[in-house]
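Quick setup: one chain, the form predicted on its own, written in structure tokens, and binding and motion questions come after.
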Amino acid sequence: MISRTSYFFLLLFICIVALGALPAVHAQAQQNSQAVRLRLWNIHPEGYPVTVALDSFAAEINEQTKGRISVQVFSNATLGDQPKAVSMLKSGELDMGEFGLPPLTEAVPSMKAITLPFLFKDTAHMFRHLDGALGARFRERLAAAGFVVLGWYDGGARSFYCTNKQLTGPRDFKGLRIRVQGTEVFKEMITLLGATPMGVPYKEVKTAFDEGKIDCAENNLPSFVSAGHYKSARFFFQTEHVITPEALVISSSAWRKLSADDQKLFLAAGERSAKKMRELWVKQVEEAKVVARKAGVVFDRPIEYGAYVARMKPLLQKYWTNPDTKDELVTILAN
């Protein structure tokens, strides 16, 4: 049986131990309260190069910060379409996103220059500029508009494909009905080629092919295969007429909440994810080409790009005389 004195000392000991543990408990609670949880929007499905790269980015951030900062990736547009995601980013409901060019060019009009057809020689040409001085200018302007770029992803190179017409030159476009995106640049490009732009929703393109409502469409090679268009369009004309990037961004408000060291960590992880995405995209393009060829799709490439550029002169002239885009065009065309 414990004596009153022993009981008193035991109780005192327990209190001392408890009091000694309080700072550690408080420190742990403070650390937990300071944990950062970021939400990242992504339109692409699981397994897509963009999604794989974003998951890799999120895992690296979690590992490097030992869980102090976590990034949750919401893929397949589960939080809504791109316009809604941009709105959520601006309101603070979202912290990050992987966006195509439309919201970026709206925020920074000078970026419209890189949406023009037959501008870049190839994807390497585009990334040489985006990873250099031109990309740095875009990053600075986007940051001022609320988007901090962590990495430039590959948005793909778009080419034409047709059902019963094998294209070999610009004259072959005359009279064709070609499904394109609804932007003025794309519609004018088709008109200048002598064809008719058709506003068919993307999900209805294959049906439009099968019902004879369109003759051709244009998109990147992996989309040509994944959407099943290769089953209807037998001829693929690899013009790569529009080569565009996408971007992994974090909102300026979320960016400012990160420490300087964490900002460096995010930039490094973003660049690594961009490199990974580009490598995965090249692999997916080659795999898509194999699938299409096995299905009997015939591939051709333009012999002379100059003829296409000449057709685009009225369109290019508009941007050449626009002060928002002239400097960017000079930079790209000179290198």
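Residue numbers here begin at 1 and follow the sequence given. From a predicted model like this one, the values you see are computed outputs, not experimental measurements. In this text, rigid core is short for the largest set of C-alphas that superpose within 1.5 Å between two forms.
Note that the form predicted in complex with a small molecule isn't included here; everything after this is about it.
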Assert contact residue (the small molecule, in the model of the complex, non-hydrogen atom within 4.5 Å, options 223, 115, 123, 196) equals 223
Quick one: of 100, 135, 146, 170, which gets a non-hydrogen atom within 4.5 angstroms of the small molecule in the model of the complex? 100
Given the small molecule in the model of the complex, answer whether the residues 206, 231 and 235 all have a heavy atom inside 4.5 Å of it. no
Heavy atoms within 4.5 Å of the small molecule in the model of the complex: which stretch in 42-50, 65-73, 301-309, 288-296 meets that? 42-50
Hey, in the model of the complex, does residue 181 get a heavy atom within 4.5 angstroms of the small molecule? yes
Is residue 219 part of the interface with the small molecule in the model of the complex - any heavy atom within 4.5 Å? yes
Close approach of residue 158 to the small molecule in the model of the complex, 4.5 Å, heavy atom: yes
If you check in the model of the complex, is residue 246 within 4.5 Å of the small molecule, heavy atoms only? yes
Is residue 252 one of the residues whose C-alpha moves 2 Å or more between this form and the one not shown after the core fit? no
Core-superposed C-alpha of residue 74 shifting 2 Å or more between this form and the one not shown: no
C-alpha of residue 180: shift of 2 angstroms or more between this form and the one not shown, rigid core aligned? yes
